[in-house]
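Quick setup: one chain, the form predicted alone, written in structure tokens, and binding and motion questions come after.
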């Protein structure tokens, strides 16, 4: 088995004079759920299309399960599944026939068994004989996911898998992705849904033509914002603020009304010392909580010019 499920070295794509993907260097582990986040037009779908051997890179190289893009394209296509943002289905054919066609193209041995398995897993078995054109958006999306998985690919590319789905259908798809994670598949997830990325992804990349940052959501938060605690007091008093500022481990402090936000290097060890200092100064502490910035805060900071170190496997 190759060391990495996906590996890109200076991967670049130009369309005429337009640079769509600029020198991406990235490695993704087997069994990892990897989130690829970026604004519209950032080049996410173009990257997926290169990795799935649907278009050729302009320069650089990539490997999928150890197979080289541009050399082993047929083998790569056999070993990946892909869900596009707007999957095309044969609308005049039944759900079962849609899947049977693709199962035969992929050389699936037990066509009927695989088709039934995935229709049941995605709660479509009762509609197996209905034409795909009669399906709702959510049902069509689930059918497209089943189609991408029929041949049991070790690597799966999902481009906006829950886009425009109602909450119930989106939850079904997310739960199914969790199931796939448990099976050890590598999932490359392009999404605008930051809550979805937070729940599902082991690591994320923030991307706009080139990589801006790569790491776990928590590590990116710490790199961008440090670690902060919020302390609410019964009453505000400048003396309380000064008492906390006097502690040498306090990196920064902002106060509004009776609440302080304090940046620390080690909240677990340092927060009890802050509480003790405030009580000694006569403050009544109502609560203490760690401030957790959302993934949206991280994303917007990076896309709008913030920076973060790239951590982990790249």
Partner chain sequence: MKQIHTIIGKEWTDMVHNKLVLYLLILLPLLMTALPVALLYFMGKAPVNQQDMEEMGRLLANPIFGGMSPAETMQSAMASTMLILFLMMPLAVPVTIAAYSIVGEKVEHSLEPLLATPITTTQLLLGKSIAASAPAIVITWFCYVVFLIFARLFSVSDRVFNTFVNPMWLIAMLLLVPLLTIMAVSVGIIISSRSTDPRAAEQLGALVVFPLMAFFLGTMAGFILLNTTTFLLTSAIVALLDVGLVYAGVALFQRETILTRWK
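Values in this document were obtained by computation on a predicted structure and should not be read as measured data. Positions refer to the first chain, counted from 1.
In what follows, reference is made to the form predicted together with the partner chain, a form of this protein that is not presented.
Proximity to the partner chain in the model of the complex, taken as a non-hydrogen atom within 4.5 angstroms, holds for one residue of 255, 273, 54, 27, which is 54. Contact with the partner chain in the model of the complex, defined as a heavy atom within 4.5 Å, holds for exactly one of 137, 92, 234, 171, namely 92. Taken together, 96, 117 and 185 are entirely out of contact with the partner chain in the model of the complex: none brings a heavy atom within 4.5 Å. Note that among 120 to 128, 160 to 168, 173 to 181, 99 to 107, the stretch whose heavy atoms approach the partner chain to within 4.5 Å in the model of the complex is 99 to 107. Within this chain, residue 208 is remote from the site of the partner chain in the model of the complex, having no heavy atom within 4.5 Å.
Under a 4.5 angstroms non-hydrogen atom cutoff, the partner chain in the model of the complex has residue 77 among its neighbouring residues. Although the partner is absent from this view, residue 147 contacts the partner chain in the model of the complex, with a non-hydrogen atom inside 4.5 angstroms. Under a 4.5 angstroms non-hydrogen atom cutoff, the partner chain in the model of the complex lacks residue 219 among its neighbouring residues. Residues 74, 77, 78, 82, 84, 86, 87, 88, 89 are the ones in 63 to 89 with at least one heavy atom within 4.5 Å of the partner chain in the model of the complex, listed in sequence order.
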